[in-house]
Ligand SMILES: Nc1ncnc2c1ncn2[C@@H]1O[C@H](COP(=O)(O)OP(=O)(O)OP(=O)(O)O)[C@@H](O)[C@H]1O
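Shown below, as structure tokens, is a lone chain in the form predicted alone; questions about how it binds or moves come after it.
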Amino acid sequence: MTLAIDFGTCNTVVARWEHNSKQVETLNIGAPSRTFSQYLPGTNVPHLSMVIPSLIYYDQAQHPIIGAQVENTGLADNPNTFRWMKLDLLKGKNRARRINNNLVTPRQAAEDFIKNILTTDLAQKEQDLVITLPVEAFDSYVDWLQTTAIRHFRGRVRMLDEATACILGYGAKIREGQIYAIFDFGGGTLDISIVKTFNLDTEQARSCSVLGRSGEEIGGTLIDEWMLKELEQAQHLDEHDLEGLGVDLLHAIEHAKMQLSNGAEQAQISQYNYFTNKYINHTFTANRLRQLLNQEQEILGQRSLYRLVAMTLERALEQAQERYGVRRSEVSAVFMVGGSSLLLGIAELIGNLLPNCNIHYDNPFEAIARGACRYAGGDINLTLVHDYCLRAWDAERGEYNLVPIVPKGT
């Protein structure tokens, strides 16, 4: 049987492919797992997904505790806890933290997190592992992820880009020879791919060809930070007032964001700090959240989140046209994955840029892991999405030039 892991910034999903029944099962690995509930657009019934929060805590004996166990014991905001590890690695941040007189880096913490998943009894029974990676991942991240998987898994390890995994995960809605946009917007990254499908009626491994790609290091955690800053300013709070609330307050903000994105006009946050006797009561409105997302931000290069999302989609479309002559009018549907794809105004933005496309949200949290399970045999030949250049001195102009030696698209 085949195991698949979609290692995410906020949550990780593990799935298993049953070769005999040809069915995918999202796994509950015990205490680290929890059920995540989210309302999909236009529905009144919560969509339930089995996830492992991407958290790891080291106790006094340096023994790691991962996932929901960290949240359930109130340790998510503890100094000995690592979170958002994937985002740190993608950004090249690997500064060590002193924990119990030992130095632990985000890279080591992330490896320990994945190791704890791969060494569970359920994982040890499997023969094959497929692990997904973002479209915009650089070689250092890919090498680390592959090395970690090989080191801690006894069977065969294969890598699959998240765009192809998404196509396989949404298989029932995919048609042969069509062009689709994969919109993967999670806790820390935005990856957009323009793909064309083929081999849908065969048992061959590949089911799509990536025509254009683009990505940004933005996601839901950044929006949560903006909303927290808004709350702090409105309630005149300082660090002392927020002590002891930590993860509970962040969860409340995330829940408010989800409510507003699902059609609520307002969402209230109420928290009482027993350490400071401070009562926090704040109401977020849909209009204010939309303003935040449409407001120019210094961290985004004086662009708004909506603007940056639109620019990322435009780059992917332009690349598909430059390389393969594909027009935006040929894109027949958009498949949304990642919790931030459900964010207020995002579907509207995509609909305005691709007005003739159906937008699908059926399984935003599990689609990639489920699709990776359906991946069977052979590697995907990923083309480069960055130019690799030499920095050469131009004596006539008196300046340096970047000379591409391996162009993107290779």
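Counting begins at 1, following the sequence as shown. All values reported here derive from a predicted model rather than from experimental measurement.
What comes next is about the form predicted together with the ligand, which is not displayed.
Peer 1: With the ligand left out of view, choose which of Pro106, Gly212, Gly220, Gly215 has a non-hydrogen atom within 4.5 angstroms of it in the predicted complex.
Peer 2: Comparing distances to the ligand in the predicted complex, the residue within 4.5 Å is Gly220.
Peer 1: Just one of Leu342, Leu354, Leu27, Ile66 has a heavy atom within 4.5 angstroms of the ligand in the predicted complex, so which one?
Peer 2: Only one listed residue qualifies here, and that residue is Leu342.
Peer 1: So, Cys10, Thr189 and Gly338: all three within 4.5 Å of the ligand in the predicted complex by heavy atoms, or not?
Peer 2: Per the other structure, all of Cys10, Thr189 and Gly338 touch the ligand.
Peer 1: Report whether the minimum heavy atom distance between Lys257 and the ligand in the predicted complex is within 4.5 Å.
Peer 2: Yes - in the predicted complex, heavy atoms of Lys257 and the ligand come within 4.5 Å of each other.
Peer 1: Using a 4.5 Å heavy atom cut-off, state whether Ser261 contacts the ligand in the predicted complex.
Peer 2: Ser261 belongs to the contact set for the ligand.
Peer 1: Phe365 versus the ligand, in the predicted complex: is there a non-hydrogen atom within 4.5 Å?
Peer 2: It does: once the ligand is placed as it appears in the predicted complex, Phe365 has a heavy atom within 4.5 Å of it.
Peer 1: May I ask you to state whether Gln62 is within 4.5 Å of the ligand in the predicted complex, using heavy atom distances?
Peer 2: No, Gln62 sits far enough from the ligand in the predicted complex that none of its heavy atoms falls within 4.5 Å.
Peer 1: Based on heavy atom distances of at most 4.5 Å to the ligand in the predicted complex, which listed stretch, 91 to 99, 153 to 161, 326 to 334, 220 to 228, is the contact stretch?
Peer 2: Looking at the partner contacts, the answer comes out as 220 to 228.
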